[in-house]
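Just one chain is shown here, as C-alpha cells, and it is the form predicted on its own.
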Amino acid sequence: MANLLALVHNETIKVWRKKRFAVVLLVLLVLIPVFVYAQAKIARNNAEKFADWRAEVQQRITDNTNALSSDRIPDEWKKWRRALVQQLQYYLDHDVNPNTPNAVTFTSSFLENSVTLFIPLMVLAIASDLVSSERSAGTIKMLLTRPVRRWRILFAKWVTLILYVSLIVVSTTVLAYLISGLAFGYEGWGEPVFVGFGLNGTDIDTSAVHAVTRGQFLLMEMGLVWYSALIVAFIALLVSVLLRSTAASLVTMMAAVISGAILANMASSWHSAKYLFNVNLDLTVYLRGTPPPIEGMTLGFSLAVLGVWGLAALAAAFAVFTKQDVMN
C-alpha cells in the first residue's frame, strides 16, 4: 500500500509540473467572466423589456408555441419545444421563477452547457497524454525498470486521473459561482426547482414532479457532470495507452467528443446511436426534463451505457499496458 501511495503521489506531481491543470484554471478565469457579462446583458435587457418575470416566461411560451407551426423546424426540435412550453407553463402555474438571476442559477446553467463539450475538452488536457507522453519522451523505460508491477503503475495513473477530473469539476463550479456572484449576488440556494418531469409521447408527465432547492439541484448536476467527465477520462486513458503520440491521442479523443455533440442533434432517427458513449454524456438533460437525443433513452440507460464504456476502456487499458512492448 505504501508503494502504491508513493506511485500515486509521483504521478500527481508529474501532472502538476506539466502545468496542464494551471492552464485549465486559466481558461476558466478567462472564459467565465465573458459568459457572466453576456448573461448580465441578457438579464438587463429582459428587465427593461418585461415588467416582471411572469411576462418574460409568458413571452417564451408564446414564442415557442408559435415556432411549432413552422415547417422549417425539424420534428426533434419541435418535440423539445413542446416539452419546454409545458415546463414553463408548470412553473407559471406554480408561481415559481425558473430563471432567477443569481450565482447559483448561472453556475447550474454553466454546468448544463459544459457537460458535453467544454468540460470533456478540459479533461482531455489532463488525460490524453498520461501514458503516450512518457512513451514519446522515453521516460516510460525508466519507469518500467523499477521493481513495480505494470498494473500498479497504470493504477496509480488511473487514481491520479480521478483526482484531477474531480478537481476540474469542483474548480469549474466554484469559480463559476464566485465570479458570477459579483454580478448577480450569492443568494438563491434555497429557491425551489422542480424535477421529475417525464416524457410521455409528446406530452410531459408531471405525476412525479417535486421541488428541491437550487443547492440540491446544483449538487445533483455536479454529480452527473463528474460521472460523464470520468467516463471521457477513462476512454482517453485507453487511447493514451494505445497511441504513442500525445497529439494523435488528443486529436482522436477531441474528434470523438465533438462528434457526440453533433450526433446528439442529428441522430434522432438512428436508434443504435444511443449505445455510443458520446451521445449519452449530457446526463443533466434528465434533470431538466427535456427530451433525450434519441427516443427511449432514460437516466438509468445512459448511466449504464456510460458505465459499460468506462469499465471496458479500463479493462482494455490494463490488458494492453501489462502485455504490450512499450520499450521500443
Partner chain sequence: MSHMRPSESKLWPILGFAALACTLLMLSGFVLALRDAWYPAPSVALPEASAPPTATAGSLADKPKLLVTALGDSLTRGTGDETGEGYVKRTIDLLKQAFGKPVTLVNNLAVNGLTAVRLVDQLDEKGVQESVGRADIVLLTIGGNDLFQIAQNGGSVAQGGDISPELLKRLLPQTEPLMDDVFAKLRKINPNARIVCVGLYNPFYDLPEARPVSASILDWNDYVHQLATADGNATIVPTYDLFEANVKTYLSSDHFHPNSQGYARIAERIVQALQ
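Positions refer to the first chain, counted from 1. Small disclaimer: the values here were computed from a predicted structure and weren't measured.
If you look for the form predicted in complex with its partner chain, you will not find it shown, but the lines that follow are about it.
Although the partner is absent from this view, Arg152 stays clear of its partner chain in the predicted complex, with no non-hydrogen atom inside 4.5 angstroms. Interface residue remark: Lys49 is counted as part of the site for its partner chain in the predicted complex, having a heavy atom within 4.5 Å. Its partner chain in the predicted complex is not approached by Glu295, whose heavy atoms all lie more than 4.5 angstroms from it. Interface membership of Val169, defined by any non-hydrogen atom within 4.5 Å of its partner chain in the predicted complex, is confirmed. Though its partner chain is absent from this view, in the predicted complex it lies within 4.5 Å of a heavy atom of just one residue from Tyr177, Phe118, Trp158, Phe194, which is Phe194. The contact residue chosen from Leu28, Ala273, Ala261, Leu299 relative to its partner chain in the predicted complex is Leu299, the criterion being a non-hydrogen atom within 4.5 angstroms. This chain is displayed without its partner chain, yet in the predicted complex the stretch 224-232 from 122-130, 179-187, 224-232, 101-109 comes within 4.5 Å of it by heavy atoms.
Residues from 210-224 that approach its partner chain in the predicted complex with a non-hydrogen atom closer than or equal to 4.5 Å are His210, Ala211, Val212, Thr213, Gln216, Leu219, Met220, Met222, Gly223, Leu224, in the order they occur in the chain.
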